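One chain follows as structure tokens, the form predicted alone.
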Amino acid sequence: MTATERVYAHIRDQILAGTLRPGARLGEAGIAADLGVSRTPVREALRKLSADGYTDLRPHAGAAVRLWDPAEVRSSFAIRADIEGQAAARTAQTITTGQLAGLEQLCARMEAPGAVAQRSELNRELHQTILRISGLVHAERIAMQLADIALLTLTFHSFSNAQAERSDSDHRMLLMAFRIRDADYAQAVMRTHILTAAAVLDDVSRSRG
């Protein structure tokens, strides 16, 4: 991993974890000192983060974590539902016994007592694995970037116990669809799963507003 890639991953992960909140300033000198690199890879990483939608770069103002427009977040979920729905359908047709067992282990880890802190990371891994199994070119990169833009991690921080249980149930239905190789069912479950997460986020945002 290059210095630029390391800086990029560090800042992106802090944004997704909620450590760096929307609007937070990102000073090149401070980041370089914290990570033990020069300012050049920091500058390059901030440009890439801006191009990928995580930060804003403004002339003479530097970089800041992007402030998300609610309409943009909703749009990200809608596009993901289409992409990941297609990927789930393809996965139902191509998944192997070993791949299915791997997904079942991820679900079990997510449902385990005390897994709240790792829930978002495990959920991301589950979705990413399904996209990878589907074999759809570019689907993984596009959908996971949209998932990050939609701040999926913060969505799980907002889930109640009942909503988390519903999400777990969706995952189990997906596994059943894969097990019986029902592409239409897998697509419908994945679309509903993602659009329901969008509705939960929207509801939480309204209640806080």
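In case it trips you up, residue 1 is the first one in the sequence shown, and so on. These figures come from a predicted structure and were not determined experimentally.
The same protein also exists as the form predicted in complex with the DNA; that form is not shown, yet it is the one meant from here on.
- Only one of R172, R166, R47, R181 lies close to the DNA in the predicted complex, with a heavy atom inside 4.5 Å, and it is R47.
- The single contact residue among A51, A61, L67, A162, judged by any heavy atom lying within 4.5 Å of the DNA in the predicted complex, is A61.
- Taking non-hydrogen atoms only, M144 never approaches the DNA to within 4.5 angstroms in the predicted complex.
- Interface residue remark: R21 is not counted as part of the site for the DNA in the predicted complex, having no heavy atom within 4.5 Å.
- Although the partner is absent from this view, H10 stays clear of the DNA in the predicted complex, with no non-hydrogen atom inside 4.5 angstroms.
- In the predicted complex, no heavy atom of D148 sits within 4.5 Å of the DNA.
- Annotated contacts: T2, V37 and R43 all touch the DNA in the predicted complex [non-hydrogen atom within 4.5 angstroms].
- Residues R25, L26, G27, E28, A29, G36, V37, S38 of 11-38 are found to place at least one heavy atom within 4.5 Å of the DNA in the predicted complex.
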